[in-house]
Every structure is written in structure tokens, then in C-alpha cells.
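The form predicted alone is given below as one chain in C-alpha cells.
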Amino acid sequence: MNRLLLQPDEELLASLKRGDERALGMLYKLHFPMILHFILSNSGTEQEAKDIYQEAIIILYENVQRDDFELTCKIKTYIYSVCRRQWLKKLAEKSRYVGKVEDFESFVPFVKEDAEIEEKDIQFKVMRQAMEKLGEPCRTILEDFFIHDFTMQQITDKMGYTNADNAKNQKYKCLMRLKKIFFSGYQNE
């Protein structure tokens, strides 16, 4: 077995600080499967996992070169945390973030971003619950308008309203009802 695999984190960090390429290579192999699993399980591809992992390794390597850098957790946890944060940013950029990220390892929280993300998670959860409680035809009308970008005329035709003004009036009532359900649920979270 490779001696580097058996090194505690402190020795591995010292090797990285000295610019030991074997340590860098070992680091690539050591934790990539964890990140690959994380990203594949959260709407990503293998190439995206490689890119995110590469960024995390570069961040770790650059930080290790600084004299004031102090690692307060395991390397594995640090890498996972950086990858998690990078992946959440990427998902947000691609608008693919639809709920809670499925974690497989502990991670170091990045307080401000985590608080914002948790708040968004709660809002998405409460909104999903509110949409479920909303019932028909309101759910279909709002989904058609806000998600599927239907025009009011298309909604009128689909739902059988006599004209677009009636559909628009119904959409407004549904929106007010959804708002009431949402804020009622949000206060209880």
C-alpha cells in the first residue's frame, strides 16, 4: 500500500506545502469518489464532479501555501465542504437547485451562505406544501402561468373560462390563496 495513503492529515498537508507532487496526486485519488457520488446524487455529471473537485484541490493547495492557514478539520471534510459550496453555486447558476442537497459526509459550514441556503430550502419546502394544499384548479392555473409560461388566453382555453379576464381574475384569487397558505406555513417553520 502506498505510504502516502497512511499519512495523517498533518503529514499530507506538510507534503503539500513542500510541493510534493505525489501528495497532490494522492489527494486527487483519495477523496474523488466521495465527491463524484455527491455530485452524481445531486443532479450533476462525472465531468462536473471532476471540475468541482479540481477547483477544491486548487483552493486547498493555495491555502496550504499560506503561512496563516490552519486546518481545523479533516482534509476530507474540508474538501467536501468546498466542493459542496462550489456545487451549490453551480446549481444556482444553472437554476437546477430545487430542494435540499443530499449530503453524504459532514462538512464545514460556511455560515452566511449556509444560512441563506437553509432559508431558501425552508421557503421551497413551504411553497411545495402550499402548492399541494392549494388544490385544483388553482394549482394548475398557477403552474401553467408561472412555470409553463402559458398566456392568459391559453389558460382560458385550457380551463374553459369564457374569457381571459375571468381567467385572470381566477388566477389572482388563486395567488392570494397561495400567499395566505404559504405565509401561514412559513410562520410555523
Partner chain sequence: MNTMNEYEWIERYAAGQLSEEERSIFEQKLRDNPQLAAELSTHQVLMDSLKLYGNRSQLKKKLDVFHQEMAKDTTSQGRRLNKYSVQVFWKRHLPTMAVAASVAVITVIGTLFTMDYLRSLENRQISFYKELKRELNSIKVTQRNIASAVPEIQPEVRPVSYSATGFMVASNGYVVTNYHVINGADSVFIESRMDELCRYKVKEVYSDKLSDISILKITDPDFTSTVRVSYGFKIKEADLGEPVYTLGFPREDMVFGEGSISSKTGFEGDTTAYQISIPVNPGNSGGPLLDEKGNLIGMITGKNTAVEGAAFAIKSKYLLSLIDSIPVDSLPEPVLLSGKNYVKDLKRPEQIKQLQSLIFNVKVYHQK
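Rigid core: the largest C-alpha set superposing within 1.5 Å between the two forms. Positions refer to the first chain, counted from 1. Predicted, not measured: the structure shown is a model, and the values here were computed from it.
Omitted from view is the form predicted together with the partner chain, to which the following refers.
Chemist: Although the partner isn't part of this model, could you tell me whether D157 comes within 4.5 Å of the partner chain in the model of the complex, counting any heavy atom of the residue?
Modeler: The answer is no: D157 has no heavy atom within 4.5 Å of the partner chain.
Chemist: With a cut-off of 4.5 Å between heavy atoms, is E10 one of the residues that contacts the partner chain in the model of the complex?
Modeler: Outside the cut-off, so no.
Chemist: Flag K120 as yes or no: does it have a non-hydrogen atom within 4.5 angstroms of any non-hydrogen atom of the partner chain in the model of the complex?
Modeler: Close contact exists here: in the model of the complex, K120 approaches the partner chain to within 4.5 Å, heavy atoms only.
Chemist: Does K17 reach the partner chain in the model of the complex, with heavy atoms at most 4.5 Å apart?
Modeler: No, K17 sits far enough from the partner chain in the model of the complex that none of its heavy atoms falls within 4.5 Å.
Chemist: Within 16-38, which residues have a heavy atom closer than or equal to 4.5 Å from the partner chain in the model of the complex?
Modeler: Contacts from 16-38: E21, L24, G25, Y28, K29, L30, F32, P33, M34, L36, H37.
Chemist: Any chance the CA of E143 moves 2 angstroms or more between this form and the one not shown, core superposed?
Modeler: Yes; that C-alpha moves by at least 2 Å between this form and the one not shown.
Chemist: Would you tell me if L13 moves between this form and the one not shown by 2 Å or more at its C-alpha, with the rigid core held superposed?
Modeler: After core superposition, the displacement of the L13 C-alpha between this form and the one not shown stays below 2 Å, so no.
Chemist: Can we say the CA of M176 moves by at least 2 Å between this form and the one not shown when the core is superposed?
Modeler: It does, since the M176 C-alpha is displaced 2 Å or more between this form and the one not shown after the core fit.
Chemist: Look at the CA atoms of I147 and L88: state whether they lie closer or farther apart in the model of the complex than in this form, given a difference of 3 Å or more.
Modeler: I147 and L88 sit farther apart in the model of the complex.
Chemist: Have a look at K125 and K89: in the model of the complex, are their Cα atoms closer together or farther apart than in this form, given the change is 3 Å or more?
Modeler: Here the pair is farther apart than in the model of the complex; there, closer.
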